[in-house]
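So this first bit is one chain, no partners, the form predicted alone, shown in structure tokens.
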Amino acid sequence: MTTIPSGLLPEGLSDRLPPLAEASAWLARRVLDTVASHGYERVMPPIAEFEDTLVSRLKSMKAQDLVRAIDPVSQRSLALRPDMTAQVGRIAATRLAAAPRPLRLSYAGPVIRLRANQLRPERERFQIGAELIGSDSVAAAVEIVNVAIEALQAAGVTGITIDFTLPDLIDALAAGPLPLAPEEIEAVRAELDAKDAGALAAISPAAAAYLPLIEGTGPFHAAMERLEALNADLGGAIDSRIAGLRAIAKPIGWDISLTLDPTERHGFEYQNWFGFSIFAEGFTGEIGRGGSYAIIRADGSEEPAMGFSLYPDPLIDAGFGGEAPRRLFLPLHHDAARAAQLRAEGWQTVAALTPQENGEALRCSHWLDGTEPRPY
């Protein structure tokens, strides 16, 4: 019989210890306070739901991709949430179906995946986000993108890059000005993802017409000029998308880098006309994404929505929000009233329980000498 070492956790799961646990809470507070200042109200969905309910709202995952268990009460299959956006959509479509629109909601909490990937080996992640439900207009996109940027900046993140995409552009072109056979669409998507011009042209003459979309990738303004040239060749078929991207980009500050990849689809399985990824200097991979999507109502109809999700674990592990607190050691028989006053001023106090305790060993930077804090 194999003995499992005491304290061993499942692969991909880990404890977050001081001071990183406090840094995580600090960062979440900064982001949530920022989105709250724009009118987004917090909801707290449960960590698990009935599997069929959750799967029906997860367009990018199937039941076999979820961590599941049998509920001993109902004997129905439960699933741990891999994403909170779907849960917020459920709340909006059911419990808050009669609430005035647009409905602004925010959330934060852990999510868990059945499998990790090489880029992010952790299976449990922290997710923070905001959803604007009832509109997927350009104005809604402008708000969502700028609230996401403001929230990250409030948490101290710099060197932000926003990468725009048009998730359903290929479907729109294939059904209209650049027709493709049904069996060609997925192949065209794959080669555009790979940015393989030779392989794209080899699919068919119709597929070769999509080559300008590879050139329309890169720094935003140059890429937009190439996308606009394609639009002119198509007789203005994507005028509304061009205008939308220009309007969304216009109010973004000069200190934010903008890029465009009009056919990017990884991670945008449920977005429709607009999507964006968020990157930060010094970090591999995206730290967030968002865009427009549809929520399924109880009657089967759809409601438009726009939102973003942040996955700040890499930021927390790198020390964002990890400012050392002012910890003050209180000796035995200290002045309790003065200690309370110092706590109100922002000090964290650690009171001695025995004469033998050492404030420095308890990670205190100061000790209370009568009525005044003194550094060690």
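One rule holds for the numbers: they count along the sequence shown, beginning at 1. Bear in mind the structure is a predicted one, so any value in this text is a computation, not a measurement.
From this point on, the text means the form predicted in complex with a further copy of the same chain, which you will not see here.
- Of the candidate stretches 260-268, 282-290, 198-206, 93-101, only 93-101 contains residues with a heavy atom within 4.5 Å of a further copy of the same chain in the predicted complex.
- Taking Glu302, Asp255, Glu186, Asp71 one by one, only a single residue has any non-hydrogen atom within 4.5 Å of a further copy of the same chain in the predicted complex, and it is Asp71.
- In the predicted complex, a further copy of the same chain lies farther than 4.5 Å from every heavy atom of Arg226.
- Looking at Glu150, you'd find a heavy atom of it within 4.5 angstroms of a further copy of the same chain in the predicted complex.
- Looking at Asp335, you'd find every heavy atom of it more than 4.5 angstroms from a further copy of the same chain in the predicted complex.
- Using a 4.5 angstroms threshold between heavy atoms, Pro110 counts as touching a further copy of the same chain in the predicted complex.
- Looking at 348-370, the residues that come within 4.5 Å of a further copy of the same chain in the predicted complex, counting any heavy atom, are Gln348, Thr349, Val350, Ala351, Leu353, Glu357, Ala361, Leu362, Arg363.
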